[in-house]
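One chain is shown next in structure tokens, namely the form predicted on its own.
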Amino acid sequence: MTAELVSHDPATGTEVWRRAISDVDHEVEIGRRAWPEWAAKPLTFRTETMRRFADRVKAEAETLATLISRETGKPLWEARTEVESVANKVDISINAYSERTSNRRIEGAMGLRNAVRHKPHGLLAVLGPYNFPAHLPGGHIVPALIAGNSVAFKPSEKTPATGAMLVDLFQAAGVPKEVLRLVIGGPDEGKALAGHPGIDGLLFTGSARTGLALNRQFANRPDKILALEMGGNNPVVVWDTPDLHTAAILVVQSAFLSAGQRCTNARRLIVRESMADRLVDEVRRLANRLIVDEPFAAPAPYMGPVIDNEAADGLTESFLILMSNGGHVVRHMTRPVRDRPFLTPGIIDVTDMAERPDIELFGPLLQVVRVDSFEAAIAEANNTSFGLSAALIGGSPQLYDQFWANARAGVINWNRPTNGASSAAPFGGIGLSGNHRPSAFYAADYCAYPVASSECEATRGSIGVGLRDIDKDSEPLPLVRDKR
């Protein structure tokens, strides 16, 4: 009997989708054979195909959003914003390719020209995450196809139906089936695809643990491109703001949007001691008002469930560990629906903990740290091996300049949440958050490589030094050595 992968709705536990697990070797072989013909197509052909894909996404927006909500548990309003991002990504990627990888030519004397053009790598593997199962894989696939690569795409085993619909929309827009291959499976298929000798690179979004394993796996393969986006232990710093209510709104958005399942969610609230009690109380009151419910409920929820019971169990266990090691509970994290992965926002003050775990707790769990000086706030913000996102709420322009200059992160915001990064800017982090291959607007950089050429239509050559006269004996002159 053929093994199948089954997807379930985290809010209800009902089956969403099932399909046979893919043969990775077969999918890679097809993708490898197809990419030269796709790469030979004019750039205008590939970009217009992507624009048709955007049109298909818009036409099927409600169907795709509904599927995303069913498979991830995120509220329907949020799934709709994800679908908008998928469609909007196309024009952004076309503009990015033009700006980041444009052809350049410098004319020289006697018909010489120096040119810079870009080539695709070949077959790129894309491993997608479950939190944005359409937008984040699309952010790799669209620029990869524009550049002329073929793609083998494995969606997360927790959201395969969304990945399958995404591929269907690409192919309905005119992307040949051989050029974009869907790989269905779990961790074993992901490992097989990542380690397959037939791929020319891997574009990954996911956990730091998996990213580190991939980095080690590719360490002796410098011939293959590897782009990693691995999340963060992100700080939001609140400092000297008279508007505590607005500051609390930004903190809650930073920490609890998408049920805390964004790589840019704030995991740590760092706040000045003198205002900490008032701010934390305001954050707690606002968190108490957040509606946690299934995606299609009325009134619309702010948060749905986390992705599955395993994730929910791990988060509640982490909350208990923080509490038992010196953390003071501000707001308990609870499981309001038995046997389903719904979580209420958890807030815990870890200021007095002797050692704070430097891990990405991927859910609605916010840790509070109180500090006495702005320098201590920056030091605490940087007290992590990650470096994806950081935000300062409040403070003066001078303090923001100090924060921007010293915070170690790839995304640094002021009076804005830590999340909600623009696709029209580069997106990536440092430390354990990535390997200096930022995505979004800079994805074009890792989807094609530059080729420098010196070109002349006429054959010309000369050697102006070091030759004997033409009428001398043909025997080479002996070397003259200084014997002193």
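Start at 1 and count along the sequence shown; that's the residue number. Worth saying up front: this structure is predicted, and the values here are computed from it rather than measured.
Just so you know, the form predicted in complex with a small molecule exists too; it's not on screen, but the next bit is about it.
Partner proximity in the predicted complex, defined as non-hydrogen atoms within 4.5 angstroms of the small molecule, places exactly one of 260 to 268, 377 to 385, 106 to 114, 210 to 218 at the interface: 260 to 268.
By the criterion of a heavy atom within 4.5 Å, Ser422 is counted among the residues contacting the small molecule in the predicted complex.
Though the partner is left out of this view, Phe427 does reach within 4.5 Å of the small molecule in the predicted complex, counting heavy atoms only.
The closest heavy atom approach of Arg181 to the small molecule in the predicted complex falls outside 4.5 Å. Put simply, Ala39 is far from the small molecule in the predicted complex: not one heavy atom of it is within 4.5 Å. For the options Ala440, Val28, Ala34, Ala54, the one in contact with the small molecule in the predicted complex, meaning a heavy atom within 4.5 Å, is Ala440. A heavy atom within 4.5 Å of the small molecule in the predicted complex is found for one listed residue only; from Leu392, Leu193, Ala247, Leu136, this is Leu136.
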